[in-house]
Structure formats: C-alpha cells, structure tokens
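Quick heads-up: it's one chain on its own, the form predicted alone, in structure tokens.
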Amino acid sequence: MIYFDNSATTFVSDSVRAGLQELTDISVSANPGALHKLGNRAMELYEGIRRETSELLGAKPDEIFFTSCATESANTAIKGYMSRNKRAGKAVISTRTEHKATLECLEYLAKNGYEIRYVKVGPDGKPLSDSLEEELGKGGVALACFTLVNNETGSVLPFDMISKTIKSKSPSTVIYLDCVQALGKMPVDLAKLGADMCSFSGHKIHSIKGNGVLYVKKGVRIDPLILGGGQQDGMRSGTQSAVLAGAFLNALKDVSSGIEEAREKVSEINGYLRKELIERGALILSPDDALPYVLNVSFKGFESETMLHCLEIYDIYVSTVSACSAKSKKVSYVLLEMGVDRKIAANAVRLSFSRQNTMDEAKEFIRCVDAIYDQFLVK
C-alpha cells in the first residue's frame, strides 16, 4: 500500500499507540475533578501533559486548551472572540481559500450581522498585499483569519508580512491562525510567531482522532464554545481526558524532532514527482515554494475522481479536494480562487506526504500512473 493522503489524516504512530496503554492505566483513570487522591493523581498527569505540550509549542500552560479537533478550536476562537469583544469592530478579514472550518464560521458571523471582507489571493494562493491593505483601510476590523499552510496546495502564508501589515494598519486587530498543516512540518514557536490564537489537530501528526489544541495568547479574551462545569479555566467544559491530551503530546514529541531532516526527505520525493509528472504532461498546481508535504497535480485526460479510483486499483491512496468537502464532489474552491481554469481544477488530485513516505513509493507511484495511462486513456 502507498498512502499519499496525509493531509486528510495520518496513521497512528507506534509511540502514540504504545502510550495509550499507559494513559489508560487504572491508577490514572479517575476523574481529574474528583477530590480524592485518585482524582488528584489524574489531574497531576493532565496538567503535566498540558505543561509539556505548551513547552513544545512555545507557549505558557494557561494559553493551551485541549479540544476535540481543530474544527472545534476554530469555532471557539472565531465565534468566541467576536462574541466577547463586540466593541472591537464588526468586520472580519480572511480569504476564500481557508479551510471549511474557518469559512463556515465566517458565514455564521455574516448571518449574524458581521461584515466579512475577503482578501484576494494570487496564483500562488497567497493573499495580495494591496488587497489586504485595502480591506484593512476600511476600518473596524476586529479579527483576521488566515491559514499558515494551505491544506490543498501547500501554499505557505507569508505570515511575517501579513502580521506586520495588520499591526501597522489596524493595531487592535486580533489574528487567528490555522496551523494544522504546518505542525511538525515547519518550526512553530508560538511565542515568536505573533498570532493571537492558533488551532492544531492531533490526527494530522500521527495521533488518534478526537484531539486538538487551541492556543489563546495571554490577555486575549474569548467566550467559551462549550459550557458546563468550567474545566480548563472555564474555556472548555467537560471532563478532561488525559488519554486524548497525552496522545496529542506523544505525537507532538515525535514530529517536533528532526523537522529539517524530514523536510529534506519529503522535498526529494516531491521534487522527483514534480519532474516525472511534468514530463508526462501533468500540470503542477502547487506553487514552486509550497511546503513539500503537499503536491496538487492535474492529470490530463482524467477527472480527479477517476484518477483517484484508478490509483486505488493499485492500492495507492490520494485525495481530490479537502476530505471535509470530498463527498460533495465539487471542484476545489481553493484552486478556482487561485485562478485555475475549472477544467484543469476538475482533474486535480492532491498528493500529501508524511515523513514516513519513501522514494521507492514515489517511483512505484509513477510506474502505476504510466500503467493507468496505457490501460485507460483513449489515444
């Protein structure tokens, strides 16, 4: 099997799997909110996990909140900030290439009287500076929402430029950043990054599904999305799970080491595939400076879903659009927003890699593509 669909989800790592047994031991399985010693022990474990997670992310423990997924983190950050800070302004700026978790939150805000201003992006998927300055110049921008690495193309946000522009034109604007596809693939130090709120997902870094993280910078006030017993400093009610938080931490430990070495390995795979596919008439839709973990390619003569199922015959797994939109069978809105012709976008397939992929897999992929063209393409 060749699995090139790591942007959708990653397989659980051996260290995460092994850690689950320790995290589910009866000695630490009590409710962390209980007053007896078993509850105290569970709370100590949980807070220790929170502290280690914050250290690896470059944050303070009280800035880290465990959630069920990045979608919950996005909803909490975006809705929560606008709900809590009604005097900050009625406008939010973003792009139309954001993940559905962000776009649906913005649509919700629009239906509730907020103004959503969309910054235009260029052919490389990056926000155009002139458009950003224009939208900021209209005033009243409470929140800016962007993605550090696009999940469909691998386009890397020029965040330093974005942040400096926002802070110079609209100093009070708070920045929410989707860091899901960046974590473990490029250095992420929240203390240095400059974003006010960030979301992360466990199952994108070889953890189990059902765990994510929300970072909220000290001093940024938001309303909680989930109400109840007031756990996690009142930010996210519900019994704390050391199992899920620990699974995230164990995965984070793995991907936080050897980032540069892994990137070099994946860059070699990406570069090989780019060269071979271009020689076969395919169009590369990811920008040249994209993060190498994502390669979006349009296959001449094959609609995206057709190529996906042809590759599946050879036990090769890729995706078309984002997994969150795949069932709708629509053409990628990200590619269309970048100015890609609809017919080309309709043939687009996303290959997404992890540090576990190999060059041998890349070579076998090309061999199978050749076989598919020989067998199925009408000449």
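The structure presented is a predicted model; accordingly, all values stated were derived computationally and were not measured. Throughout, we count residues from 1 along the sequence that is shown.
The protein also exists as the form predicted together with a small molecule; that form is not presented, and the subsequent description refers to it.
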- Of these, 295 to 303, 136 to 144, 197 to 205, 270 to 278, which stretch puts a heavy atom within 4.5 angstroms of the small molecule in the predicted bound form? 197 to 205
- For residue 256, is any heavy atom within 4.5 Å of the small molecule in the predicted bound form, or not? no
- Message: in the predicted bound form, does residue 286 come within 4.5 Å of the small molecule, counting heavy atoms only?
- Response: no
- Is there any non-hydrogen atom of residue 241 lying within 4.5 Å of the small molecule in the predicted bound form? no
- Message: Would you classify residue 71 as touching the small molecule in the predicted bound form, given a 4.5 Å non-hydrogen atom cut-off?
- Response: yes
- Taking the small molecule in the predicted bound form as the reference, which of 76, 151, 170, 94 has a non-hydrogen atom within 4.5 Å? 151
